[in-house]
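This document opens with one chain alone, in structure tokens, the form predicted on its own.
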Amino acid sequence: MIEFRHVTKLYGAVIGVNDINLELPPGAYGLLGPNGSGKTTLLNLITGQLNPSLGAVRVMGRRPGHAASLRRLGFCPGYEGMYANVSGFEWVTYLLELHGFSRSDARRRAEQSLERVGMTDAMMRPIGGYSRGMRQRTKFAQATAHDPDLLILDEPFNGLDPIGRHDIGEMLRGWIRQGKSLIISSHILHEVEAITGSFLLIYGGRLLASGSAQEVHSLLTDVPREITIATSSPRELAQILIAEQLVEGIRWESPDCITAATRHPLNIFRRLPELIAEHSIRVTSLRSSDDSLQSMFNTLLRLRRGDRFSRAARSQPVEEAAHE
């Protein structure tokens, strides 16, 4: 469906995306990353709004922007891009006519599409009087009115209230059940996780990982899990955990809080109660990283930045390691 071959996009001296190689078969994918990570640049390369500085992009076997490809693609941009003095109905009708539909077919499809997103009562009103959520619904209506094979959405939940988020989420899940393809960009991981199980994780213009959450987790089997412990005696507890060989390393979060890295968290959970009782150490909270997409993404970002735990704690006094 989509192919990137060594694609780089430069904005002068700034790198938008950097040497991305990617092949996506038909399906539903979440494009995830913090703001400024390159998500919108990647989507604009797919839709043909940008040309790569280096490399080649293919969408359904053709260069982006080809008329045959555009007819099969629906795009809901992150920016507004609508005229305030026309109605939602007129706006969606006009875009359908640009796709080649007759006036009567365009009006019929526009009405049906706006009804699907709950805009029937407001579709004849000027867009300038719409709330942010209503404008988002109208953008979603125009992106799907021509029944594309691939739907691309850039931050589609922005501005929606909880009911609107639920409704759009249900529509997207229905879209996937029809066998349609979808790429949804967001920096809010749990929203995308509720819609699709396949992800592209992007940061700093580079693709960190792609695949299902289970596949990406399998790549992290050798990465230590983190356990954060708030305690009255952080140095003493750190020294005990190191002496018992229960941790890979220790990081100080605050004067009364440490984070331990371990490949065997169950060993810590089993031993910790007896150790703190034996040494009269008070622990006020214990928090471990989970298997959520957010936790996985945080781990990938840390690896990308080169962050690591200090292993010097094994060979130097705990007080020095804490200071380090």
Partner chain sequence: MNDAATPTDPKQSELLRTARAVVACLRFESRRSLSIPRLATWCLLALFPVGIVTVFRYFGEMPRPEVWALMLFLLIPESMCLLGLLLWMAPHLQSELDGKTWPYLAVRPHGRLIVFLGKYLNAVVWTALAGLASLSICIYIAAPLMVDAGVMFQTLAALVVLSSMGYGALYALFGVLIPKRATLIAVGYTLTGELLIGTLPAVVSEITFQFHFRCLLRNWVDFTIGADETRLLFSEAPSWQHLAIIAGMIVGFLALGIWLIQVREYSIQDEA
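All values reported here derive from a predicted model rather than from experimental measurement. Positions refer to the first chain, counted from 1.
Here the subject shifts to the form predicted in complex with its partner chain, a form of this protein not shown in this document.
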Residue 259: touches its partner chain in the predicted complex, heavy atom cutoff 4.5 angstroms: no
Partner contact for residue 280 in the predicted complex: its partner chain, 4.5 angstroms, heavy atom: no
Contact flag, residue 142 vs its partner chain in the predicted complex, heavy atom cut 4.5 Å: yes
Non-hydrogen atom contact residue 109 with its partner chain in the predicted complex at 4.5 angstroms: yes
Region of this chain that lies against its partner chain in the predicted complex, out of 271-279, 251-259, 22-30, 41-49 [heavy atom, 4.5 Å]: 41-49
Listed residue that, although its partner chain is not shown, lies within 4.5 Å of it in the predicted complex (heavy atoms), from 194, 176, 230, 86: 86
Sole residue of 236, 115, 80, 215 within 4.5 Å of its partner chain in the predicted complex, by heavy atom: 80
Residues of stretch 144-169 in contact with its partner chain in the predicted complex (4.5 Å, non-hydrogen atom): 146, 147, 149, 154, 155
